[in-house]
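Before any questions on binding or motion, here is one chain by itself as structure tokens, the form predicted on its own.
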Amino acid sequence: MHATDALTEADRQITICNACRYCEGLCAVFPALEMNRHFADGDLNYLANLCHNCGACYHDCQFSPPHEFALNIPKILAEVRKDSYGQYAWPRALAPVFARNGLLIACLLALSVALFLIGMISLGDPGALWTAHTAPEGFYALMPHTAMVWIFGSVFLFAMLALAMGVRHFWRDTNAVNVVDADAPSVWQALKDAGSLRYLDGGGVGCFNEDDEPDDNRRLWHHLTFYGFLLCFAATSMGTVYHYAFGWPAPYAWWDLPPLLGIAGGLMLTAGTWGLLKAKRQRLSALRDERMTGMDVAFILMLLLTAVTGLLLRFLGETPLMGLLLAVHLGVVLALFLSMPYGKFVHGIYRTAALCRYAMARRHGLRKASKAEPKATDAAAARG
């Protein structure tokens, strides 16, 4: 017995796939499922997060609708994948809040923080919000550096802790019945596969859209988003090094390393997230789990707004718009951090973990969990 109807249906479809094996050359999911004959909940969650939802198997399958077997592996794995985000979330009580109204919650959170900051700035100095700030301290004249570090540093650390706990629960549950042995070469292979989006090519033809024409644009948009995000994170990290290691506080001239990294990352992130939103509208509807649309769009939109407001703050930072832009930018960033562990962001973390497990299984095979190892068969037991 499985914990949800989606897991039960996934087991039915995957069992048929395991007998057919026509699609084993398309991606990692099919060689991975062929290593096993019976699937626990953790096994199905592992396969769901290994899937890149390219749609190639749906088009190649002789048993897809209207056949009576009605196989649609991308869609059922998308449903299981969505459920796994809440199943492994920490604290779990926060997961339903974002899952039910992800886009609304994220937007309201960003707006609330922005209005709070606007009110705080206006109470301190009513004219400061609409004044051009050309002093050396820049926007720190509106919000002190120490306050910004404490507030946003605390939220960021909470998000990192929640993500770490989530991937811990995921790994324990997927290893509860069939165990893999870890090694450095497998981890390195998984990181290369994740960084290159190796399995997002539909077996070489790309991802399928409503016009039934496969293309590889999703790979491009994902790469721009991911590496743009990393450049923005590198800009913040470099600014931290400048401030604490060398005693060089912000703001920095545009030709300094933190602004250059931030501008490049912001432009890539803007292009990538805009492309992902466009690609989401064009995706073949038969492959989508509509329940996840709100949280998916919320995450992508928060990334897009973070990039756009950050770029505007950089280029209009010495104009009277600086105070308003700062409040909006910080509100969006805070909403992004708080929603990260409960929405689409975790799919990159879990997918990398799934790729690690796949590489380890390919290298060493599977073995049954011994009595000394955890026997959890669901996420609740895995959290024990």
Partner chain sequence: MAEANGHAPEIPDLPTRYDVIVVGGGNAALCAAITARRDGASVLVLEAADKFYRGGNTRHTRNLRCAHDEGNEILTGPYPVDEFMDDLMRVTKGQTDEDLARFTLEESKGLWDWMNGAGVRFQQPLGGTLGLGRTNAFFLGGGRAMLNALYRTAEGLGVDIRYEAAVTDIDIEDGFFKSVVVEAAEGTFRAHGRALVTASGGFESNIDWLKEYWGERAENFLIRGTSNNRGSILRLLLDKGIEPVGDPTQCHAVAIDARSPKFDGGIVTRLDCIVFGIVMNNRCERFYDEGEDFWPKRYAIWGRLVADQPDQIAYIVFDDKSMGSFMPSVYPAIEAETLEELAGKLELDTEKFTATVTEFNAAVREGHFDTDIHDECHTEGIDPPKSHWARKIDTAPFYAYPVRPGITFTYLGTRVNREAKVLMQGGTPSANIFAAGEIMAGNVLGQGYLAGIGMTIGAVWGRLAGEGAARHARN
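Model, not experiment: these values are computed from the prediction. Positions refer to the first chain, counted from 1.
Although not depicted, the form predicted together with the partner chain is the subject of the following passage.
If you check the partner chain in the predicted bound form, you find no heavy atom from any of T240, G247 and E318 within 4.5 Å. By the criterion of a heavy atom within 4.5 Å, A159 is excluded from the residues contacting the partner chain in the predicted bound form. Under a 4.5 angstroms non-hydrogen atom cutoff, the partner chain in the predicted bound form has S64 among its neighbouring residues.
Using a 4.5 angstroms threshold between heavy atoms, D181 stays clear of the partner chain in the predicted bound form. Mapping the unseen interface onto this chain, G153 falls outside it, with no heavy atom inside 4.5 Å of the partner chain in the predicted bound form. Of the candidate stretches 24 to 32, 353 to 361, 325 to 333, 43 to 51, only 24 to 32 has residues with heavy atoms within 4.5 Å of the partner chain in the predicted bound form. Residues G202, G203, G204, V205 are the members of 174 to 205 with a non-hydrogen atom no more than 4.5 angstroms from the partner chain in the predicted bound form.
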